[in-house]
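One chain comes next, on its own, written out as structure tokens in the form predicted alone.
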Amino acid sequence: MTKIIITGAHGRMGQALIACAPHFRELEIVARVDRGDALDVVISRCDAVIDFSLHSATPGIVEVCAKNKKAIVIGTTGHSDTEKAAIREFKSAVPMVWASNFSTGVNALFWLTRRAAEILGPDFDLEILETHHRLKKDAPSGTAKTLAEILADVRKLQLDKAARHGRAGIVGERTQSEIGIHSIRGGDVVGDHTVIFANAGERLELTHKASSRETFANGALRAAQWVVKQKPGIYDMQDVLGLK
């Protein structure tokens, strides 16, 4: 039995995790933590923490896990470079699954995006479109950033220079080194992502649409069961699903 604590338990993803957990017979939620609660008081009860709190809270949560030798699944997004560095400091202390998206379908999209970029080559223009609900705080989404990182890696580009976040005004003709990233916010959209490969005369689009947060929750719960058996280090859902 894998015993877990959920941080960010009152949030939308926290509630989805709580709803999905009973379907995992070898998993038990032993505590639910949210703003104002002390993780270090209850952490001894668990084997792993699943964090869907806030990006600013994650480094501190990882530190508590490291001090207590507990594995962690990180589901928060929008981390600053400083926050990312703070999380990575503990990679040799505990095993972590750190993913921008825990959906099996989205991770298949990551794999397909890499293969498509490799097959189609440099003549195709690259654009990413993502849509989320009006309450999402960060943009672009963590999933869109991962897709852009994959494309930049295949093209051997520096993403900070290649990324074009929307276009306005007289921006000139599109260059081959651009990766367009566009964010839409509205309504209650759980998460839609499309990668566009456009060339003269043809266009390929890879799209994933999520209609329920359960797909992310189930992936995170699966990751928690997997990560407790791993050595210290940073892993992602590609590792959990055996796609690497």
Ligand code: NAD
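Position 1 is the first residue in the sequence shown; the rest follow in order. All figures in this text were calculated on a predicted structure; none of them were measured in a lab.
What comes next is about the form predicted in complex with the named molecule, which is not displayed.
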- Can any non-hydrogen atom of R222 be found within 4.5 angstroms of the named molecule in the model of the complex? no
- Message: Since only the chain is shown here, I'm wondering whether V97 would be in contact with the named molecule in the model of the complex (any heavy atom pair within 4.5 Å).
- Response: no
- Query: How about F216: is it within 4.5 Å of the named molecule in the model of the complex, going by heavy atoms?
  - Reply: yes
- Query: Would K209 count as touching the named molecule in the model of the complex under a 4.5 Å heavy atom rule?
  - Reply: no
- Message: Going by heavy atom distances of 4.5 angstroms or less, which of D34, E205, D40, E202 would be at the interface with the named molecule in the model of the complex?
- Response: D34
- Checked V189, L54, V30, I196 for heavy atoms within 4.5 Å of the named molecule in the model of the complex; positive is L54
- Query: Only one of 81-89, 122-130, 163-171, 100-108 gets a heavy atom within 4.5 Å of the named molecule in the model of the complex; which is it?
  - Reply: 100-108
- For the stretch 163-179, which residues lie within 4.5 Å of the named molecule in the model of the complex by non-hydrogen atom distance? none
